[in-house]
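First, one chain by itself: the form predicted alone, in structure tokens.
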Amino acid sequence: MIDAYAMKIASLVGAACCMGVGAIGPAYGVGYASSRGCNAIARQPEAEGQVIKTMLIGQAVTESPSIFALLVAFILLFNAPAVIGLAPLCALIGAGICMGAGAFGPGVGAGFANAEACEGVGRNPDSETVLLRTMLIGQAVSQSTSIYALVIALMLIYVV
């Protein structure tokens, strides 16, 4: 029999899956961009300011899927389930898995775009504006899947 205690456990498991998996991709992406930024600065020390600016802007965007995962994890932790049953229990765990996995890929992808932009600025500092714009457009498109995951996770929490 499903009771309030089981629902709370489902919320906790969902939150753990959400943030545990949802932090890996963005963390990898941010770290990868940092390493490539360091490489670019080592190759072209006079472009340090431009590389760091590109890296930090890109890293801010790369972190957005983990922020979505954090939001869903907080909702799962602090929002008492309104309905008790097997379907809502599964929905709480599913919401965590959905957002966690949905943050993983976009975090990695945005980090790759950021890393390549840093390398490009290190190779050709004059192309910073074009590279930054191209990176941001690519990151915005790659982030769309994390927004889809956020929408589905919220629907699982509040609709099921």
Partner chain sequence: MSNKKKVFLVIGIIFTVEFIISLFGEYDMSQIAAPFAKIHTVFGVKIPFNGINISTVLNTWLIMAVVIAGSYFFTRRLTPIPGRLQAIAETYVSAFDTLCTEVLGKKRGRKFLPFVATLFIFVLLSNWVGVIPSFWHVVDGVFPHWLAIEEPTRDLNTTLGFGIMCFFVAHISGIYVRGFKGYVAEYFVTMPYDKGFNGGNIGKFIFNMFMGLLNIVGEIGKTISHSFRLFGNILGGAIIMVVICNLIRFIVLPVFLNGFFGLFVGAVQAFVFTMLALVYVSVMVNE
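Here the structure is a predicted model, which is why all the values come from computation and not from measurement. Positions refer to the first chain, counted from 1.
Separately, the form predicted together with the partner chain exists; it is not shown, and the next lines address it.
For the options Cys17, Ala10, Ala23, Leu136, the residue carrying a heavy atom within 4.5 angstroms of the partner chain in the predicted bound form is Leu136. Contact annotation: Ala47 falls outside 4.5 Å of the partner chain in the predicted bound form, judged by heavy atom distances.
Contact between Leu154 and the partner chain in the predicted bound form is found at the 4.5 Å heavy atom cutoff.
Remark: Val61 counts among the residues lining the partner chain in the predicted bound form, judged by a heavy atom distance of 4.5 Å or less. Contact check for Ile41: every heavy atom lies farther than 4.5 Å from the partner chain in the predicted bound form. Contacts between 60 to 77 and the partner chain, taken as any heavy atom within 4.5 Å in the predicted bound form, involve Ala60, Val61, Glu63, Ser64, Ile67, Phe68, Leu70, Leu71, Phe74, Ile75.
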